[in-house]
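Here we start with a single chain on its own, the form predicted alone, put down as structure tokens.
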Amino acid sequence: MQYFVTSDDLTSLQTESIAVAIYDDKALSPSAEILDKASNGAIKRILETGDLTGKPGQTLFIHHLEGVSSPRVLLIGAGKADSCSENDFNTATTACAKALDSSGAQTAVSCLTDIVVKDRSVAWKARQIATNTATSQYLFTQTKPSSKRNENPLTQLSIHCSDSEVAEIGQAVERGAAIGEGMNLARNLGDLPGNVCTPSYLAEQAISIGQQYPTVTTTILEEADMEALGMGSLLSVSRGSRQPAKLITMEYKGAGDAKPVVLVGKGLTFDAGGISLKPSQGMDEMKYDMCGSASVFGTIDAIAKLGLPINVVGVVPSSENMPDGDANKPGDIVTSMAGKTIEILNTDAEGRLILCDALTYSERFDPEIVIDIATLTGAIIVALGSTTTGLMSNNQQLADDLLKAGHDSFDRAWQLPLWDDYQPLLDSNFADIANIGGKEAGSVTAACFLSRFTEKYTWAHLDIAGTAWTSGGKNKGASGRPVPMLVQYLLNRIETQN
């Protein structure tokens, strides 16, 4: 897919389709007004028939409009002209992309940046258009060859703007496309079944990224390497699986010797719960327990495409959690890389067991910031649903920066407390720390557990159990979140430091 920016006259554009917005009171966007005037009121006459009410996401093609060179004009419903929300805008731009992709038009011009979204710039709208266009074309085919792409898909999209906006919009579109492609990579990894996407498969994909981008160096640690480092917590989880664990690092170098931002992604490629076996209903969705790692892959891919001037290290501890004769048992005690002993009261709280060693390992990169991303707790879904990512941090400035990045990208997070008051819930009679804290505040105590291994640096934790995928039905699948938030955080960081 190629993206361009144009400020040429709409009526004479040589393109196969032009997309313009219509509001629910039959009002026309500025671009639609131009085409309506050129066609002697044809668009308004069509709206009078009631074929399109302007509801967000509604689409209607008009062919061979008088006075317009393009053979197709696509009308897109955008809701109320004076109160189009971010959700309405995303609904409209996604519907636009899908309609164009299935129309037979291979080139198109989008005029949807002239939709007014409160407190959002034209650059934000252009970036969302590019991201939503990229993600709308995602199709999972690797294990479903019957899924067929459109015979003549959209291959070129131009964003229409004024002459003065061309440079700004061009950069926004480039970033939006990279984010969308990074999300699609994360989605594809998440959607793969556990018998394909194993820890070894993830390692192979990391090696492939290192081969694709000269700025990325990939390193894979095997179980023997981890044992030599004392990663008893991580390796205790993999003992129950026939798939060997991997510790994957992808080092992106874009800023010389500057201290890096380290992204640690939970890579449980399948989580049966171990001896504390999960219920069978919905257990197939535990292939998504590696979506934290998938978001790290997607973020590294996006920033490498963009060539951002920043250093980022992706660290992915990857394993399965299976109920084998050698698997962890409730009551077992293991020793982490940090030397702290952990009493395993529930083997289904395994994500924190692999993350804690990866967080200790991250110290060797002398990081400026460490952010872990994990489908860590069902409790976060109870608290925040599937809309919002849970955020906890040992540094308020970092928390504020991530909240801002979530707002800027519309991939939002909500901060939960990480107070010392919760730490006693993890007390153990037999080890330095227990791996669960009881029924109360499950997401907070999980983060409190991780915080015991992050005392040497500035750290934040993103619990994406509710936002990483959609359960059940025809929309079931990985979301690619929080790639937009993570990339935006890095972009904001670069801007602040310059």
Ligand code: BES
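This one's a predicted model, so the numbers in the text were calculated from it and none came from an experiment. Start at 1 with the first residue shown and count on from there.
Heads up, the form predicted together with this ligand isn't pictured, but that's what we're talking about next.
Contact check for V312, D401 and R493: none of the three has a heavy atom within 4.5 Å of this ligand in the predicted complex.
Though the partner is left out of this view, A126 does not reach within 4.5 Å of this ligand in the predicted complex, counting heavy atoms only. Taking the partner from the other structure, this ligand in the predicted complex has a heavy atom within 4.5 Å of a heavy atom of T375. Residue contact with this ligand in the predicted complex: W469 places a heavy atom within 4.5 Å of it. Though the partner is left out of this view, D191 does not reach within 4.5 Å of this ligand in the predicted complex, counting heavy atoms only. Listed residues I333, I207, V122, I381 were compared with this ligand in the predicted complex; I381 is the one with a heavy atom within 4.5 Å. The partner is absent here; in the predicted complex, the one residue of K253, K98, K340, K278 having a heavy atom within 4.5 Å of this ligand is K278. With the partner omitted here, the stretch from 413-421, 281-289, 127-135, 324-332 that lies within 4.5 Å of this ligand by heavy atoms in the predicted complex is 281-289.
Of all the residues from 428-463, the single one having a non-hydrogen atom no more than 4.5 Å from this ligand in the predicted complex is I436.
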